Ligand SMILES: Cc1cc2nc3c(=O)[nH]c(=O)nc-3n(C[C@H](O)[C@H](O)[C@H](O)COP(=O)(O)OP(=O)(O)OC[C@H]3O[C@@H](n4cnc5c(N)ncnc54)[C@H](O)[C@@H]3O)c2cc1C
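This document opens with one chain alone, in structure tokens, the form predicted on its own.
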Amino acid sequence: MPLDATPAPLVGETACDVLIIGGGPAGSTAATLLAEKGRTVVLLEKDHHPRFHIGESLLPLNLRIFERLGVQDEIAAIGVHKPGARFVSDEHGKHTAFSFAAGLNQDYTYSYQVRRSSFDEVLFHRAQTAGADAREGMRVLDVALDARGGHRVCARNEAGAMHAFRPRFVMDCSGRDTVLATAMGSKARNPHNNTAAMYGHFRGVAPFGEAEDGNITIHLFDEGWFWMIPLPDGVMSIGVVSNPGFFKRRRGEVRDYFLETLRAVPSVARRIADAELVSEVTTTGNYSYASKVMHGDGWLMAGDAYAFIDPVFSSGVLLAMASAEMGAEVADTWLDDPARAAPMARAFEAKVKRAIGSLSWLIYRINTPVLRDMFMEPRNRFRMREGLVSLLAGDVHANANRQLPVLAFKAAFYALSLAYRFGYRLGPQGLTKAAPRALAPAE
């Protein structure tokens, strides 16, 4: 699977048990766990840490993996305590906060907001201390998969020299680079959620309330949503996610369109009135996608290398690390017994798809009036609110009895959708005949 035809001198050939493409959260997690099992692991990262990356808001279920990796104290030291998530709607003129402590899973009741440059560096160094041969400045250019004859991976360093590797197992954790899926032609855009984003870092953003409380704040607007993530040192990460039509209306510089968009939503404009943009404005397109295949004989994809979904519920890092954790178990088993690993790989794929599906159900509906009303007027009948909080916390692998409140929430959504067809909407007094709502800053 040649990814770059540029010839370069070949420097040696390195044999290893597992080669991992990408030194982000997924790759570093898998490398640490496999190295701790005594496997020889090569981890190749194209950039150098620390490097900028988006995806700065973590979920409570990340904490379990931090504990397993032994990095919980380091993450706490670089993070802003995150007790939950706040949703704001100017259409409704109100906001709702969801505390993770109110969820069904009481083992993990908070999380962190982090600069990904620092977070990814902690995880990469952890892989090195575990014994992985973790190399930076190594861009993978060619992957030839052949489990029986031997895989061959070629990467180029910054000096232009080519390095060849002969791993027994290959894990693609390359994130949105999707190295294997791109080479295989298996990457497909998600037809249900074709979104893009603009984002940047600000200083001097006003807190939503009297003081900054650490929550991620999601500001809803007609064509999508904004994130506001408090980071260390008084910096706020702000981004807007919307549809292609919204971005096609841009005339002029991206920076100007971004600031214009922020100022057009009253609750957002109030918060950035005295703020200073302290970074470049970045755009990312084709936000949601998935590969048609996820694993094969002696290889698999984990994290964003397999699929990426809209980040409205901050699930990216958790899905990446959890899938890498499960993928590492598959790889470790395959190295000893490929036949025994085959059903594990199928179960791994099913579990990842089920987790993505649980979050996607909400994501596909976040712009509908029904779901937005349910967020602004949350009810806890049949423990629906607790079930929703658990989904927001990343508890997507919960057992069946924990899923019952989630099923109740979905049933309520479908019932309300039917009521809306007849002109009713959910409000503070329950279902009432719909009336226009004035657009005003949500306080």
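One-based numbering along the sequence shown. Bear in mind that the values here come from a model prediction, so they are computed numbers and not experimental data.
One more form of this protein should be noted, the form predicted together with the named molecule, which is absent from this view; the next part is about it.
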Item to complete: State yes or no: in the model of the complex, is some non-hydrogen atom of G103 no more than 4.5 angstroms from a non-hydrogen atom of the named molecule?
Response: no
Checklist entry - in the model of the complex, does A302 have a heavy atom within 4.5 Å of the named molecule? => result yes
Heavy atom of W334 within 4.5 Å of the named molecule in the model of the complex:
no
Can any non-hydrogen atom of S174 be found within 4.5 angstroms of the named molecule in the model of the complex? yes
Only hit among Y199, F98, F348, Y110 for heavy atom within 4.5 Å of the named molecule in the model of the complex is Y199
Picking from R168, H163, R116, K187, the single residue whose non-hydrogen atoms come within 4.5 angstroms of the named molecule in the model of the complex is R116
Only one of 65-73, 403-411, 377-385, 43-51 sits within 4.5 Å of the named molecule in the model of the complex by heavy atom distance, namely 43-51
ask   = Taking A85, V205 and A322 as the candidate spot, are all three within 4.5 angstroms of the named molecule in the model of the complex by heavy atoms?
value = no
Applying a 4.5 angstroms cut-off on non-hydrogen atoms, the residues of 126-145 near the named molecule in the model of the complex are M138, R139, V140
